[in-house]
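Presented as structure tokens, the chain that follows is alone, the form predicted alone.
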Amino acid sequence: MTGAPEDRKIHVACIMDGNGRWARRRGLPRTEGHTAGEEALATVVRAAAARDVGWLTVFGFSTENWVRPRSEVRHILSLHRKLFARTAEMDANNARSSWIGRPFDEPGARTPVEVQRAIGKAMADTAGNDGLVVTVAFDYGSRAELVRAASRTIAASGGDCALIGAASIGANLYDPDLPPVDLLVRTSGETRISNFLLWQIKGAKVHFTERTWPDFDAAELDRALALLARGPSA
């Protein structure tokens, strides 16, 4: 894959890892790392918008993250409420807020009501922007997404196996309009996908970097984007 098809812009997805490590190296509480990570995301949103990226999807909070210490989870929830409230900044970048995760009204969903409200307000307030789409994956896990999509597809098929395929499953993902990922970024030296967008990253280039997420900046984004100009792997 050499980048997005000519008829659409690039979709970049980020696994924002290393907030805790960033804080530990500086002798700070883990919560300070998450706060720095939120500011790094704001930097990346501005950089992506300036580079005419079409979609930026970030792994904000996974279905597995609920087992973290309660105080850390509370801090992360507070940061996400603030993140979704940055409407003026999104408007300045002509960016639109979006979200994927376990639907609020379905069994197993754990997104608190105050975060639900923040997500809904952010999406409504930025709906008129037509530039970069910033999707935050919150209470998200790719296995949960795929199990749900498969179940809904089977139910809709009425037992007709001919109606079950890639197109019908894709139509039942959390956001069927989210295009395939062209570039996946993982920070902090980890080389794992961590149950993130397993369906959508088929064929994506992958950029692993030693930098922790709070240190990820426009220059590092450019290094990642350069992968798309190198042509297919040998």
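Just count from 1 along the sequence shown to find any residue number. As the structure is a prediction and not an experimental result, all values here were calculated from the model.
Omitted from view is the form predicted in complex with a small molecule, to which the following refers.
Is every one of Val44, Ala48 and Asp130 within 4.5 Å of the small molecule in the predicted bound form, counting heavy atoms? No, because Val44, Ala48 and Asp130 lack any heavy atom that approaches the small molecule to within 4.5 Å in the predicted bound form.
Heavy atom within 4.5 Å of the small molecule in the predicted bound form: which of Leu79, Ala118, Ala95, Ala149 fits that? Just give me the one. Contact check passes for Leu79.
Can you tell me whether Met16 touches the small molecule? I mean in the predicted bound form, with a 4.5 angstroms heavy atom cut-off. Met16 belongs to the contact set for the small molecule.
Would Met90 count as a contact of the small molecule in the predicted bound form, using a 4.5 angstroms cut-off between non-hydrogen atoms? Answer no; every heavy atom of Met90 is more than 4.5 Å from the small molecule in the predicted bound form.
Lys205 within 4.5 Å of the small molecule in the predicted bound form, heavy atoms: Outside the cut-off, so no.
When the contact criterion is heavy atoms within 4.5 Å, does Ala122 count as touching the small molecule in the predicted bound form? It does not: once the small molecule is placed as it appears in the predicted bound form, Ala122 has no heavy atom within 4.5 Å of it.
Taking the partner as it appears in the predicted bound form, which of 49 to 57, 197 to 205, 173 to 181, 29 to 37 has residues with heavy atoms within 4.5 Å of the small molecule? Partner-contacting stretch among the options: 29 to 37.
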